[in-house]
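Next up: just one chain, as structure tokens, the form predicted on its own.
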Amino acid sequence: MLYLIGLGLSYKSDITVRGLEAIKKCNRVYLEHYTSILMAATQEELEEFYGKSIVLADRELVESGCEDILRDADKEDVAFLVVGDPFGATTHTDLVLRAKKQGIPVDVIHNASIMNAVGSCGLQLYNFGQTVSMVFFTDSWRPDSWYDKIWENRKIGLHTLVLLDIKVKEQSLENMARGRLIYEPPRYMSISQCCEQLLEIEENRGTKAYTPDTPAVAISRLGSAQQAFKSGTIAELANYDSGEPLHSLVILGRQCHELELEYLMEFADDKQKLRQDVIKDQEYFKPAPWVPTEEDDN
């Protein structure tokens, strides 16, 4: 059996009882280690808590060497641990498909993830549209495919969850070209860097999917004892010190309910300014009034 087990957001004890029971009977345990991190637990603490050794699974192992993970999983129990929920990343779907093609039984044990815990900021989950990922820009690579998804969400009034990039066990271009297995220190995108990149692409595109005055809410260390929220415009949050990782950002849609706004105001430096910013933003994508045509008259 291959078990895909969600670990939750932060603590070693966030795992479900069923997930813990499954780990304890597994012969091998892998921890996916590139889409997110467990903020309040080290590998050693997890191993002590589970009573099992853990193999850290980087992107290369999961995407290219997954046969090692699936080896003998038709004869013994293997656990693949994922911070958050197992299906928070598409690579995990691929792992399940590969297992099924090999006739390996799969059991998925779910847990909390940023995709549902984001509701802690006060925005209602059914008012969210497409989720996008913001990667670190480089001098030669500044992707903006996510921009159109934000524009689509905003046009129909929905909020956009922006997941911020993390870099774990990444090589520099020079080391990669020279074949040197030297890895860069881990990097985690901050709220300010995300907002700066948002503003840069909007300036380049110029179609106003959002503006510097568009309201947003910064989410930091969600699920931990140090979780924090900050409401403001994208321009204001570009100067916000969000502290230690991990971080996410939500760009508001124009259909911001009064209860949502009331909740967000608790995280604003200037509550009345936030209210006015939201009202102004709601007008921007407001549908044009219906005007009857000759066809309607007929």
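We number the residues from 1 along the sequence you see. Computed from a prediction, not measured in an experiment: that's the story for all the values here.
Only in words, not in the display: the form predicted in complex with a small molecule, which the text now covers.
Here the chain stands by itself, but in the model of the complex one stretch of 207-215, 109-117, 152-160, 193-201, 109-117, has heavy atoms within 4.5 Å of the small molecule.
Not displayed here, the small molecule is approached by Leu222 to within 4.5 Å at the level of heavy atoms in the model of the complex. Among residues of the shown chain, Ser242 is not one whose heavy atoms approach the small molecule to within 4.5 Å in the model of the complex. Contact check for Thr35: a heavy atom falls within 4.5 Å of the small molecule in the model of the complex. Under a 4.5 angstroms non-hydrogen atom cutoff, the small molecule in the model of the complex has Leu9 among its neighbouring residues.
At a distance of at most 4.5 angstroms from the small molecule in the model of the complex, none of the three residues Leu2, Glu63 and Ile104 contributes a non-hydrogen atom.
Checking Leu261, Ile234, Leu246, Leu31 against the small molecule in the model of the complex, a heavy atom within 4.5 Å turns up for just one residue: Leu246. Between the options Val250, Cys256, Ala268, Met39, the residue in contact with the small molecule in the model of the complex by a heavy atom within 4.5 angstroms is Met39.
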